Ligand code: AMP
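Next up: just one chain, as structure tokens, the form predicted alone.
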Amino acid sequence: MVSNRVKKIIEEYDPSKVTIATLCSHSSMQIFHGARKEGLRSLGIAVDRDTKFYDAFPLARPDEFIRVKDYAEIEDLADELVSRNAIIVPHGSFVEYMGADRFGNFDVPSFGNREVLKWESDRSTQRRWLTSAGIKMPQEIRDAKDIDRPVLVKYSGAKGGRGAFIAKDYMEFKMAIDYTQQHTIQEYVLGTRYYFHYFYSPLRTNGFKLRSGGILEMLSIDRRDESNIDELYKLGSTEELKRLGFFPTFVVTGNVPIVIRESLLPKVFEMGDATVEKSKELFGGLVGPFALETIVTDQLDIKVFEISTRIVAGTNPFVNGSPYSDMIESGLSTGRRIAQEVKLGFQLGRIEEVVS
């Protein structure tokens, strides 16, 4: 998994001086907080933004900041980050703003397998991965002229729901689509949306074992508050609102903790297991946090409409643990779990298995 250039860099790192670094956005406070809990230094990369608000949360404030004016300048930080023994923790904003290609060529050790970004950034390759793993997904409609039921249209990339829309026919699709962006059309499945936050460790052996080695953990679950779709219904029918110029949007504004009915947990682990095992066949495997974004129907069927292959913002309500992670270790967040895996990698002499 690890490239020769990163392998050479990580071999020179001093384990006692390892620094967890990430972009000041998305889930950065949780990542810094988790590093602090595990006794690791942390570094925030601030791109043209005020970082004073971190002072209000001293346990989640990074030990130091590096400031740049533009995302393009992050590439120029490679030597400085390596000199600090930095390991980058990617998150949605980091990859979206820097770009998957530039991040993939960034000469700083990164937690997880960077090859996964090629599969995540394109929804067609996502679908090929998940369906080949036996995961149920909403039906895809390739030609918008074939829309004969409500559909959800989404653009590629981690945009926090921005731009996604529902269409019931071809005319509604044409009214809303931005043809300059790559998009997918899926049937709109009626149900409850749950986001399952997993963590795959190739290093640990105690837990839900996978047949190819390592363990799978399920650390938490969330739902999303989305503006304005969650409140728009109070004003009248969708058709009436569109005539008045109000269109439903799915921009994520917050996250809500969830506990799923226990009888569904076997299905949840089966899906995570299959996703990881197929990833090993396709590109060397997922490492660390990932999320399956799902719809649970009233028949208790679970369909996956997307995968996020890194820490997701939906883990942020669980900085001090969730009802699930507390049954693994008290006060365990995804950010802290990342720091633990980095430490364990150095302790076992297997850090190359968890960075790329």
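So that there is no doubt, residue numbering starts at 1 and follows the sequence shown. These figures come from a predicted structure and were not determined experimentally.
Keep in mind that the form predicted in complex with the ligand is missing from the display, and what follows is about it.
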Contact test, all of Ala100, Asp122 and Phe283, partner the ligand in the predicted complex, heavy atom 4.5 Å | no
Among Arg84, Arg224, Lys267, Arg204, which has any heavy atom within 4.5 Å of the ligand in the predicted complex?
-> Arg224
Single option in Leu210, Ile260, Ala133, Leu152 placed near the ligand in the predicted complex, where near means a heavy atom within 4.5 Å | Leu152
Touches the ligand in the predicted complex: Glu293 (any heavy atom, 4.5 Å) = yes
Examine Tyr195 and determine whether its closest non-hydrogen atom to the ligand in the predicted complex is within 4.5 angstroms.
-> yes
Would Gly104 sit within 4.5 Å of the ligand in the predicted complex, counting heavy atoms only?
-> no
Is Ile141 close enough to touch the ligand in the predicted complex, meaning at least one heavy atom pair within 4.5 Å?
-> no
Counting only non-hydrogen atoms, choose the one of 305 to 313, 65 to 73, 39 to 47, 321 to 329 that falls within 4.5 Å of the ligand in the predicted complex.
-> 305 to 313
Give, in sequence order, every residue of 82 to 120 that has a heavy atom within 4.5 Å of the ligand in the predicted complex, or say none if there are no such residues.
-> none
